[in-house]
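Before any questions on binding or motion, here is one chain by itself as structure tokens, the form predicted alone.
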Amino acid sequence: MSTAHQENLARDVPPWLFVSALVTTLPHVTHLPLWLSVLSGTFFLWATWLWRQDRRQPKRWLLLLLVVGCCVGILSEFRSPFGRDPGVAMLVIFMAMKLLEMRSRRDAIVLLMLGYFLLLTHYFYSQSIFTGAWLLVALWLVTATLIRLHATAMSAKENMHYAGQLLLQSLPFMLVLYLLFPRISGPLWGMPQDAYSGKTGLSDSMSPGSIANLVQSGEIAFRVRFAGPVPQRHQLYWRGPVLESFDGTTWRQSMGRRRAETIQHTGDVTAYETTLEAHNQRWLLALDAPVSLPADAALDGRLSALAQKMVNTRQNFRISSALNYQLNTDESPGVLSHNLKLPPGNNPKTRAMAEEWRATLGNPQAIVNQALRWFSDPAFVYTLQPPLLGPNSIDDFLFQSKRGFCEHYATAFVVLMRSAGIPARVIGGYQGGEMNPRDGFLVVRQSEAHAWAEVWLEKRGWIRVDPTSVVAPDRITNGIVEALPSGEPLPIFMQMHGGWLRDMRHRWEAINNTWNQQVLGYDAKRQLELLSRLGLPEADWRNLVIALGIACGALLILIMLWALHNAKPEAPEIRLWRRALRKTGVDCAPWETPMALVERLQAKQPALIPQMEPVVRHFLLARYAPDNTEHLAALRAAVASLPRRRPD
């Protein structure tokens, strides 16, 4: 190992290392286990205390025990040494523990290299604007620390300025790599068990309270930009899973393939572009009824638009939908029979009432109207806080509590219809959306999650029926905030529905949307479009490598020319001194003064003294005398008289 690497650290270097370790690990606190964050913080404080008190680092046997204990704890927490989360946890704890053994420059270099690597891991969890800004600042600080480690004579201000210059010079290379490096589809991290964890959105099942819980989230589910006029809010039903199997408590999707839908539509078709956030399902959440889909998507026989693969990354696609349509007027008997099934023996009051309607009314449309009139009773309340229901949950809801959310009303309505002999099913999705005036996108949040019903009527096919629109019409026309009773506790984001706070939210979401569309949305397709405009229509990885090489080479040449143009011209006496050294073959280290060189030559090569002594004398006068013109000419003559030879 070299002596430079074994060199002890200067007293003022560890604070730089502490800051670098902190900025590269701090954002991971939000997703690491609490015990791991507390332990890492303890190691940070311990290392800081040791430095402040100028005490020796812990013994190596103690550090070894700590490493083994932390590794065992991480394996116990994550049940595996492989994957994103255990890997990041290991890096964070190793970074904190490395601070406890900062003895030499080599240790500091290891810590800084670990810091550079940790910067990349933050993009495994978030690619937001905040993450990018934080990592740029962290990169600046880590680079400044690396410079400080080697340039001890620099002040802190000069150090930071130099690091900033290096980063600015790297920006063109970042841009070239961003534009030309081959794009990959999928997330930055691809381990199956955790690459797509943490996604929120609709589930493929529904039970009382599931959508009410989802409504508490203000996260954006998707954004939509319409090619023409924006439909009325009551027309915005974004279709997700179709739930046809009911066990008395939970609705689930029925398995099995269906024949293709028969969609008859009238009127204009609405075209729009959707930016769908990752939700780890296949639903594209198209507006009822989709008539044109992306090439890699299809309908499932229930009018739900599905992608070929799980939507595990943000996706952008175009869809056209018909708002006035008829669906499957000629439905298969098997599907109709399946959508009449109910678990035997439960909810006897509901069944009895539906059978009575069937006997007295007969006409399916009249039965549907009667059910909606039943829900129009003012005793029914739309609320996020319904009471718990018993085993006969529909009976309890319809005849006792009469308080529920959209899933309660949709479930009760479908059970009534099936009990009356009318095929019916529950549809999960989103209803409505909020227009952002800053960028013209309709924003649909998780809080717009909704459930409604569909009934099949002869010669009319599947008809949407939303009982919530009868109980709380404001939910459909104005949004959930206007529909909930006064005094209902609302999440903070729902309370920002007016004034400057709402405008600030719109501005920030518009900025985020631009970041998502223009920066994160630069995928393989857009890269190919760019390369086509640059004259590479059939670009593959070979062409990209060539383009990268040419672009980076051109940048290097430009930076070199810029550096040469801005370099300070070398003093003429320095040039003459270097020429004298070359002609005589004398080796002079940068730190060796001319007088020290003369002393060394007198001891080892006295034959060179008659030649070098006048050069040294005139060089010192030309370098340091107030008026060096005469001495510079003498130096030039002395150098010219030197013979070309090498030292013995």
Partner chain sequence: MPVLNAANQIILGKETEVRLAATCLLAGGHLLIEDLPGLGKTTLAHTLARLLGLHFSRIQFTADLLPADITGVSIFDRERSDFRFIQGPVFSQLVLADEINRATPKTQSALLEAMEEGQVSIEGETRALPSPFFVIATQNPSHQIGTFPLPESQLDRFLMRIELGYPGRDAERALLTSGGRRTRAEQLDSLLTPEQLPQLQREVADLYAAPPLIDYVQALVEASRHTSVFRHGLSPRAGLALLAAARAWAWLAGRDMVLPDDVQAVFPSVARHRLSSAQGGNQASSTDIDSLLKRVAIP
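Numbering follows the first chain given and starts at 1. Model, not experiment: these values are computed from the prediction.
There is also a form predicted in complex with its partner chain; it is not shown, and the following applies to it.
*Which residue, 355, 204, 101, 158, has a heavy atom that falls within 4.5 Å of its partner chain in the predicted bound form?*
Selected option: 158.
*Heavy atom within 4.5 Å of its partner chain in the predicted bound form: which of 591, 61, 35, 49 fits that? Just give me the one.*
Only one option qualifies, and that one is 591.
*Could you tell me if residue 625 has a non-hydrogen atom within 4.5 Å of its partner chain in the predicted bound form?*
Answer yes; at least one heavy atom of residue 625 falls within 4.5 Å of its partner chain in the predicted bound form.
*Report yes if any heavy atom of residue 68 sits within 4.5 Å of a heavy atom of its partner chain in the predicted bound form; otherwise report no.*
No - in the predicted bound form, heavy atoms of residue 68 and its partner chain never come within 4.5 Å of each other.
*Is there a non-hydrogen atom of residue 595 within 4.5 angstroms of a non-hydrogen atom of its partner chain in the predicted bound form?*
Flag for residue 595 set to yes.
*Tell me, yes or no, whether residue 621 is in contact with its partner chain in the predicted bound form, where a contact means a heavy atom of each within 4.5 Å.*
Contact with its partner chain, yes.
*asked:* Partner absent here, but in the predicted bound form, which of 52-60, 38-46, 25-33, 613-621 has residues with a heavy atom within 4.5 Å of its partner chain?
replied: It is 613-621 that comes within 4.5 Å of the partner.
_Closer or farther: the C-alpha atoms of residue 109 and residue 589 in the predicted bound form, versus the form shown, with a change of 3 angstroms or more?_
Relative to the displayed form, residue 109 and residue 589 draw closer in the predicted bound form - a change of at least 3 Å between their C-alphas.
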